[in-house]
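The chain below stands alone, shown as structure tokens; this is the form predicted alone.
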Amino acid sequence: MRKVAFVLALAILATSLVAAQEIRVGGVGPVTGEAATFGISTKNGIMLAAEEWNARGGLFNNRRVRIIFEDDKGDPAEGATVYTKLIQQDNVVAIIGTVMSKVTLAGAPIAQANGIPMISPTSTNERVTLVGDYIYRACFIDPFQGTVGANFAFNELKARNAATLFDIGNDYTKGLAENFRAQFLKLGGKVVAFEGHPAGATDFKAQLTKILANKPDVLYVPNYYNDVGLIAKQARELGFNGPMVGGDGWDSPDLVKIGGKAVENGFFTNHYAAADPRPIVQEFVKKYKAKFGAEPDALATLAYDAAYIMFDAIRRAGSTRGSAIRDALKTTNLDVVSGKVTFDSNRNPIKSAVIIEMKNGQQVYRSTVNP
């Protein structure tokens, strides 16, 4: 019995030593719910980055990173709950997350109040980082993305009359629609319809009928892929054959599954393109495919980049203190898959965007737009 007790005590001691050496970092994303493919991609990207850092010795002093990943279900209330759990129960030193702006805006104040640095891979609403000095992001913001979409529609597609349809219950879609409208008007175009729909809607024909009566040249739909697929099908059924433009919320393999041929002649702004010939991109695509059996979308890429940015800051800080990690994040100057990243005074990255075209059921790289 004494021998068994001694062995058990050694095992407990060994486990405690490992736990003391690991650095706990939270991950948050919607692996279930309306944006589940986004959350799964996000989790994959974070886990791949953590695996690579651990393989080369951890973050600092041979301390390995342990990711504790939570599902926010795409719901702000659930997001607030898992942020609180990660900080108060799991004792994470930083958080990588979350995806949807409406959920990030629920979680960020909790991280800020507790002095826990966080970086959202993909929340583009400009209010996110204004929550406080512990809040960063790895993606460009809605004003830039909406502006790029408007410039593309006006200059490349030669559209002069635009209409928008967006989810009125989502900060992300509203922000993109508003910024698209502002820039399109500034360029000299007309926004002939600016229509919202309630969250969770599946029948958009009433709004589309009203929109199409105004004869738009282009339809701007800055929604997530599940809504976009349905909107595209219904718009085509009602006789709209013109181009549709949107944001990075289109970036999911399920877009074509839902929308089929209706998403042809569709274009969206995005953070990276798998066809980018830069070696860092092609190496990442190869590694991701080998591990997960699929080509990485922008969600996976930005999550991978966000993890690298956070891990690099922890390494340079040489500390798990929130304030030290926060200060290291400020001085980030790093080449990641989606481009070279530095941060402005509001903790937003200065980086490029790409235009993706939906063609023959595939995403095709169209062009790169610099800030």
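Quick note: we count residues from 1 along the sequence shown, nothing fancier. These numbers were taken from a predicted model, which means no experiment stands behind them.
Not pictured, yet referred to below: the form predicted together with a small molecule.
- Annotated contacts: Thr124, Tyr172 and Gly249 all touch the small molecule in the predicted complex [non-hydrogen atom within 4.5 angstroms].
- Checking Ala177, Ala162, Ile95, Met100 for any heavy atom within 4.5 Å of the small molecule in the predicted complex turns up a single hit: Met100.
- The single contact residue among Tyr83, Tyr272, Phe166, Tyr224, judged by any heavy atom lying within 4.5 Å of the small molecule in the predicted complex, is Tyr224.
- Interface residue remark: Tyr304 is not counted as part of the site for the small molecule in the predicted complex, having no heavy atom within 4.5 Å.
- Under a 4.5 angstroms non-hydrogen atom cutoff, the small molecule in the predicted complex lacks Val228 among its neighbouring residues.
- Within 4.5 Å of some heavy atom of the small molecule in the predicted complex lies at least one heavy atom of Leu299.
- Stretch-level contact analysis of 72-80, 124-132, 198-206, 181-189 against the small molecule in the predicted complex, using heavy atoms and a 4.5 Å limit, identifies 124-132.
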